[in-house]
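Shown here is one chain on its own, the form predicted alone, set out as structure tokens.
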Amino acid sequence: MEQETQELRRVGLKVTHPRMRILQIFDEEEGNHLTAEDVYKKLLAHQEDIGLATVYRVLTQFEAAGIVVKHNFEGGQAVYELDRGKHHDHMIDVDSGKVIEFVSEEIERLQREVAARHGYVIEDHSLVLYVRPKSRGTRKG
């Protein structure tokens, strides 16, 4: 609880019950990507009297303050995750909508090489792979 309080104060946000509870949900769901509706349902499950409009407003404030990152993956609604400050990329299972985080130094190196070959330096980037599970029994090669 103290950590959430310090985090809110660090980014200049007043410590309120809705902000604290929403931040706690993200802490509990670390590594998961949540929609505003997911957060709202978790609040309801804990008998919290925090409306969906408040959830959206707090998430917008958290995004502006750098507490969460908002992703708008194709074909789906916006999802949020805690900004842990470490770069990672995403795979989206097109059948289930599941979001998988991954880190690949090889991919990062290749991206830097491509940019350099064209005379550029990467400032920032986002990589999203839309994937489908391999069919069992299907072999290539």
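For every residue, the number given is its place in the sequence shown, counted from 1. All values reported here derive from a predicted model rather than from experimental measurement.
Although it is not shown, the form predicted together with a further copy of the same chain is what the next lines describe.
Q: Please tell me whether any heavy atom belonging to G119 falls inside 4.5 Å of a heavy atom of a further copy of the same chain, as the geometry stands in the predicted complex.
A: Flag for G119 set to yes.
Q: Within 4.5 Å, heavy atoms only: does V131 come near a further copy of the same chain in the predicted complex?
A: Yes, V131 is a contact residue.
Q: Quick check on T35: any heavy atom within 4.5 Å of a further copy of the same chain in the predicted complex?
A: Looking in the predicted complex, residue contacts with a further copy of the same chain do not include T35, since no heavy atom lies within 4.5 Å.
Q: Verify the contact flag for E101: yes if a non-hydrogen atom of it lies within 4.5 Å of a non-hydrogen atom of a further copy of the same chain in the predicted complex, no if not.
A: So E101 counts as contacting a further copy of the same chain.
Q: Name the residue from L44, V69, A65, A115 that puts a heavy atom within 4.5 Å of a further copy of the same chain in the predicted complex.
A: The option sitting close enough to the partner is A115.
Q: Sort through D83, D27, D93, E48 and report the residue having a heavy atom within 4.5 Å of a further copy of the same chain in the predicted complex.
A: Checking each option against a further copy of the same chain in the predicted complex, the one that comes within 4.5 Å is D93.
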